[in-house]
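Okay, here we've got a single chain as structure tokens, the form predicted on its own, with questions on binding and movement later.
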Amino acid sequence: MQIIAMILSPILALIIGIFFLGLSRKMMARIHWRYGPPWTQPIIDIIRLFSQKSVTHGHLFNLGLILSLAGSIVVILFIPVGRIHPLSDSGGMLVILYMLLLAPLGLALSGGEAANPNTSIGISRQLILALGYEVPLLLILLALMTHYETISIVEIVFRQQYAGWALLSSPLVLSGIGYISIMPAILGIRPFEVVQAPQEISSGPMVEYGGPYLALATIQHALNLFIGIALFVNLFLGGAGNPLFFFIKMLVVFVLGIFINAALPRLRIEQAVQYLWRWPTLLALVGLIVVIVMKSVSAG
């Protein structure tokens, strides 16, 4: 059963992530009073790209993209999707936090081999942005681990099914708001769409990808969408008892994110980091202090 779960979990993540990619393009078009492409367009694009030929820039160009995909797949194996959680007993949230760094690192290694100026700018922005949201994310995870007295994400989901959502519990409200405020940065949507920024740097790290490489980069983007939203659903919305309810919760969160993406302009990279290290970090830090104080009071 564990082997089946290890195969099924990434497949579900990929299906949901690609669906979100298509849905976002359709919704953005409707918001802009356009008809837009069909929601199946990402599937058509991936099939078409795999049938095309492309040029490689070296072994590191290939291995970096594989490393990025492998890191995302490993993270997905730790994240519960309903009752599907193949590696739930092998590590905790700190392992997930470390593994999240593999995706931007792999793309950085791959793009660096291409030696394109636009790629280099996009990679530097990606690493800086990752550093910006990793700080408040670490504080948020520390607050959750302190409150529930466990590092297991499965145990946190289990506790919420009896005690209610973490987002609605008084000790973790600030931590939940902090996660919501950094989620657009994790997903790479506006106002934090600084990594690709087609109008400025010709899609940044994606500019040298074509054919199968661009298809794999699109799959990586889909998996990243799934990871960012699935973590929030599990940590603050109590997860779900089955994949269908889990998908519905993810869909609601994603649609709200699309409206934010449509309404806000893109920040500059320095503005993005200043924001991430100011308000979300402050909320996460105060939330951690509140959890520690309430734990001390209840223990006394």
Partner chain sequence: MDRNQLNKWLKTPAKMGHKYSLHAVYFCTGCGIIEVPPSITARWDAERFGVLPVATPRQANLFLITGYVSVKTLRAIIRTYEQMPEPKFTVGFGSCPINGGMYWDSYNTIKHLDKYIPVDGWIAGCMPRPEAIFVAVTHLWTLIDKDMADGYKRYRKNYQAYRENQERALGKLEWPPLFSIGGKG
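Positions refer to the first chain, counted from 1. Predicted model only: the values in this text are computed from it and were never measured.
Not pictured, yet referred to below: the form predicted together with its partner chain.
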Can any non-hydrogen atom of G36 be found within 4.5 angstroms of its partner chain in the predicted complex?
-> yes
Give a yes or no for E208: in the predicted complex, does one of its heavy atoms lie within 4.5 Å of a heavy atom belonging to its partner chain?
-> yes
Given that the partner is absent here, does P198 sit within 4.5 Å of its partner chain in the predicted complex, heavy atoms only?
-> yes
Contact of V55 with its partner chain in the predicted complex (heavy atom, 4.5 Å) = yes
Testing 164 to 172, 211 to 219, 178 to 186, 224 to 232 against its partner chain in the predicted complex with a 4.5 Å heavy atom criterion leaves exactly one stretch, namely 211 to 219
Of L256, I47, L244, A263, the one that lies within 4.5 Å of its partner chain in the predicted complex (heavy atoms) = I47
